[in-house]
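Below you'll find only one chain, the form predicted alone, shown as structure tokens.
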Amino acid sequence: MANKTAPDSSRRSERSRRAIFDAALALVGEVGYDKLTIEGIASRAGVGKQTIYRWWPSKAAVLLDAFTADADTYRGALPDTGDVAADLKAVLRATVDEFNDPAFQAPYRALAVAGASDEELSRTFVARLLEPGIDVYTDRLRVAREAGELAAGTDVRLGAEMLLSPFSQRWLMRTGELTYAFVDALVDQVLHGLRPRG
């Protein structure tokens, strides 16, 4: 008799998890967060809704895990060409492209809205996605400060927030278009205030 091996439950679980993530990200773009349901995610993913509830307590939790599942892949240091302005502009221009992509916008906006009324979700989102992003800008500004491109007393964490907060405000509140011209001007304005005097 042939020796049959048992199915690998961890591989099956990973396939289901990935299908659930793909379904959640696709559906939030198609129907919006308000109409996103666990039932809809389960149906699209081809799993029972009890499978989702076994792993996540809410649709927001599913969406957060789906959106941040590959976050580590994109983390790393900002470029360092020796010109902090050029480096920041290059990265923020790429970020403009990302934030203007509808596939990125739908889940990010949904999580921002859900986080406004769910403190735990907001804290998790900040810890997984926002803080690591701020950290890479802080690290790049620290290098620039050490190289004399910024004033010796520059608070690099505050400098990073001065760059990222207007970007986020414009995007989240739709106070204006996210463009290369905007981020270039933002970098120039912020660095003008952080440069050494005299």
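This one's a predicted model, so the numbers in the text were calculated from it and none came from an experiment. Don't overthink the numbering: it's just position in the shown sequence, from 1. We call the rigid core the largest set of C-alpha positions that still match within 1.5 Å between the two forms.
Keep in mind that the form predicted together with another copy of the chain is not shown, yet the notes after this line are about it.
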Taking another copy of the chain as it sits in the model of the complex, is Ser117 in contact with it (heavy atom to heavy atom, 4.5 Å or less)? yes
Is there a non-hydrogen atom of Gly40 within 4.5 angstroms of a non-hydrogen atom of another copy of the chain in the model of the complex? no
Look up in the model of the complex whether Asp135 has a non-hydrogen atom within 4.5 angstroms of another copy of the chain, and give yes or no. no
is_contact(Asp65, another copy of the chain) in the model of the complex, heavy atom dist at most 4.5 Å: no
Contact with another copy of the chain in the model of the complex, heavy atom within 4.5 Å, among Ala103, Ala86, Ala94, Val126 goes to Val126
If we test each of Leu172, Ala147, Val31, Ala69 for a heavy atom within 4.5 Å of another copy of the chain in the model of the complex, the one that passes is Leu172
Since the partner isn't included here, can you check whether another copy of the chain sits close to all of Arg109, Leu186 and Leu194 in the model of the complex (heavy atom within 4.5 Å for each)? yes
To test your reading of this chain, name the stretch in 57-65, 162-170, 22-30, 43-51 whose heavy atoms come within 4.5 Å of another copy of the chain in the model of the complex. 162-170
After a rigid core superposition, would you say the CA of Ala144 moves by 2 angstroms or more between this form and the one not shown, or not? no
